[in-house]
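Quick heads-up: the structure tokens below are two forms of one chain, split into structure 1 and structure 2.
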Structure 1
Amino acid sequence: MPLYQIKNLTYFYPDSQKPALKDVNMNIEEGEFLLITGSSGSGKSSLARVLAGLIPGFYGGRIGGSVFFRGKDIKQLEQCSIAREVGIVFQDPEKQLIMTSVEAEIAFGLENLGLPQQEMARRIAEVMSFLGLSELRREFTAKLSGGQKQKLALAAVLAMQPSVLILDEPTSQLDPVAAEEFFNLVKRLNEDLGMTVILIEQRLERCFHLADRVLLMEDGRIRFEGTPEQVARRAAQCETPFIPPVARFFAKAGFNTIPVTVKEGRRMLRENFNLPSSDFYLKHPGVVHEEEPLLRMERVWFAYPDGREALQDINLQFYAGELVAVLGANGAGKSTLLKTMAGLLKPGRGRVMLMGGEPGSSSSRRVWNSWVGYLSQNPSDYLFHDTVEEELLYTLKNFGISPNGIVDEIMDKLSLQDFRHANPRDLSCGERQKVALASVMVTKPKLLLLDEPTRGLDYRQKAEMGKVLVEYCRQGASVVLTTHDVEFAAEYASRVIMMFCGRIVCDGPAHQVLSESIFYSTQIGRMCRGFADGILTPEEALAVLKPASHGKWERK
């Protein structure tokens, strides 16, 4: 008997006329690692909530069809009997923690199940040593890092000893290192403990190959279903972006066997391609800047009141027309760098000059603000008016700029016209990001600073944003953004800066920096290393690498 049996599942959220799930039919087997992917709004999170019993138990709404868990109708099951069997970890670690201390957080679920003290003590001890949380036992949860918080959320769920673990984009708020660690843990749970894992994810580079089965959702329906290779092959034919770059490359090159990891990709490259000579290097036109930089930072230091030196001796110039990506782990000082550039933080030592001037008096501060646009990590902080249009007008009003036509222009550019009179708080995450960006771009700043603008966006939304930003640079502005998304940086940035512990460790043209780096490189970059350096995206690889006629693997 399958673990889950889903027949003709259709679901409407309360007060919604559009179904979130349409006619879903599927089975999930015990011990399986299932990856569910799809664009935002495709119904993948709703499906996860059905499997976890949160729909309809917590959400209400209208549900049709049937969902059986171990042969029992999930709607008839008690809340606590689902919670015993199925655990779910959500996107944002900040929002799913409840108690003030690590130990109490893990105990919370066990207390709710009414377990006896001895049983709780054993489970808590086990799960803490399994996840390496023992050191943090008495720590205040608010003081943990993002990665630690997410690990704690996982621990709290694991202590309840579920047989099914559902993960709803668990790494979207984490930096790549913490994300990698998290996935490794999940893999261990699946392989060593035989736990059924259902992972919802839209960034696939790290997890595609872990799955036994992949489900691609679109518009509330299941579009493809199969092994990673099968899905990669079929998805590649219809241009859906929901396969990892390596798979996309081989699919586009016309191969029948589609590798999904860098390791397999390298083997296929060796066996099937006419590789260029060993000293090959994909050249990109270098840019020499002769004009005055837009913004110049000279020996800038910044320390927070608690003594942490977030910026150490920063010397940087930013020129018009550049799209700069700043990479680095969490806590490396990326956000502080942007805030200092935006004039929101005053450097302790050194100078920040915008077009030759420093911010001093209140009036030049105003000028500074209207020249520099700053988008923080939380787009929701920009949204508090009743309509999207008012949101844009608010910024203009603050700077005393008359709105003639600008609002329309920006809305067209970001394709927001449909939402003009919508409440921005009713929009989805990606749309919110666009509205926030629009409310910053509306003053047409010469320097646009974006703190993790791609967080929570799906492939399509990222591509759309990338194009808008490239176009904006072409008009003579400069865009500086921080990101953890190396693929995005490789695709759109012209220059990459790498930060480590408050210092600039690397600064140069995007292709040079990323292809020389080992960990901060794209999947294609890692695959082509040593065969054809300097290649970062599937498109570049397709242009340079040509399959050999005598290849070992058949092509169609």
Structure 2
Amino acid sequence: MPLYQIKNLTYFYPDSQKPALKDVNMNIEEGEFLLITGSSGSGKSSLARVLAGLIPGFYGGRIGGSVFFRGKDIKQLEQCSIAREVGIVFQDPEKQLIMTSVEAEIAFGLENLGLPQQEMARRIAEVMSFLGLSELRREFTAKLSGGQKQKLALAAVLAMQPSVLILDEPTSQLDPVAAEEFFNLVKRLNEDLGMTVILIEQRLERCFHLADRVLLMEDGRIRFEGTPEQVARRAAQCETPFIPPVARFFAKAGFNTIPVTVKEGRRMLRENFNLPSSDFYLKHPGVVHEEEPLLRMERVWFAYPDGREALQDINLQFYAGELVAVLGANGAGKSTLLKTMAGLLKPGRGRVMLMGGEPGSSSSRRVWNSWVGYLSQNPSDYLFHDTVEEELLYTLKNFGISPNGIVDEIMDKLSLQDFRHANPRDLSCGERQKVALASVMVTKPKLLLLDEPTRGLDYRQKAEMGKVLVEYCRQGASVVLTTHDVEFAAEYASRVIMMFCGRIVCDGPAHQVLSESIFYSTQIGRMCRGFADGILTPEEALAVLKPASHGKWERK
């Protein structure tokens, strides 16, 4: 008997005329690793909530069809009995954390289960060790970085040892190394303990190959279903972007066999490619700045009240026309760097100057506020009004700016016109992210600071945002963003800064920094390393390589 049986499932959220799920029919086997992907708003999270027994009980709305868990109608099961077997981690960890300390948060669910003290201590120690949280065990949860909060939410669920683990974009705030470690752990839980894993994820280069089966959803329905290789082939034929970069490269190159891992891709290159000379490197021109920087940081140090030095001797300049990506591990100081640049945090030592001025007097503070736009990790912090249009108009009113068509312009650029009269809090995570960005961009700041702006965005939305930000820089502004999305940084950033323990360890042209990195490189970069260095994206690989008439590959 399947673990889950879903028959003709249709679901409407309260007050919605459009179904979030339409005629979904599927089975999930016990011990299966199922990956669910698709565009933002396609129904992925809604399906996860159904499987966790939260729809319709917690969210309300109208539901049709049947969902059976272990042969029993899930609507007839008590939520507490489902919670013992099914653990779910949501997109926004802030909404899932309850207690004030890390250790207390992990213990909370175990106490509700009534476990003995010794058993709780063992489980807490295990999950904190697995997820690298041991040093934070007594830390105040509100002080954690976004990535650390996400790891804590994962730990609290894993400690309860559910038989089914539902993960809704669990690595959206984790750096590449931490994300890989986490997925390796999840795969071990699946293979060694037989835990059923249902994973919703947008960054497919991280996890596509791990799944036993992949579901590609579109408009509330299951469009494709099969093994990773089968779905990659079908998706490539239909030119949908929801496949990993390596698969996308081989599909566009006309291959019938579509690899889904770097290892398979390197083997196919080796077998079908006339290797270039060993010193081949795809060079990219550097940028020489002759003008004064928009913002300058000189010998900047910053320490939080607990004594932790988040920034140490930072010396940076940012120029008009740059799109700068700041990379680094969780807790490296990236968010603190942006807050200091925005004038929200005052350095303990050193200076931060915007066009030569510091945010001291009230007049310079007004100039700073009008020139600098800042977007934090959590888009919900920016959403107060009943419609998307009202959010943007409210920002303009605060700055004393006449609309003059700016609202329509920003909505068009970010594809928000269809949500003009929608309540932003009812939108998907990716859509809320775009609304929050629009509310900051509507004033057209000269320096735009974005903390994890691609969180929750699907491939199409990230491409739209990337093009908008590149064009914004071409108009004379500067964009500085933190991100764990190396693929996005390689595609759109002109410059990359890498941070480690509050210090700048690398600063240079994006291709140079990412090509030389091991873990902070793209999937295509790792595949081409040693064959054609300096390549980071499928488009660059296609521009350099082409199929030869004799079946081998050659350089263009």
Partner chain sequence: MKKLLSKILFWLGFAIIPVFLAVTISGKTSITREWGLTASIIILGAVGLMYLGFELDASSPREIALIAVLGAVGAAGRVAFAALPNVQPTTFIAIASGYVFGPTAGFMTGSTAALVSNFFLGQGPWTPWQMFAWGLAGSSAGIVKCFFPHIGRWGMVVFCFLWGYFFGWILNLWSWTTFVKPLNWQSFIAVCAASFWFDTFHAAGNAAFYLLFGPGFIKLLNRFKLKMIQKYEE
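Here, residue number means position along structure 1's sequence, counting from 1. Source: prediction; values computed, not measured. We call the rigid core the largest set of C-alpha positions that still match within 1.5 Å between the two forms.
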*Choose between structure 1 and structure 2: indicate the form predicted in complex with the partner chain.*
1
*Any CA movement of 2 Å or more for Leu393 between structures 1 and 2, core superposed?*
yes
*Is there a C-alpha shift of 2 Å or more at Gly254 between structures 1 and 2 once the rigid core is superposed?*
no
*asked:* Quick check: Lys95 between structures 1 and 2 - does its CA shift reach 2 Å or more after fitting the rigid core?
replied: yes
*What Cα shift, in Å, does Asn27 show between structures 1 and 2 once the core is superposed?*
3.4
*Once both forms sit on the same core, give the Cα displacement of Leu158 between structures 1 and 2 in angstrom.*
6.1
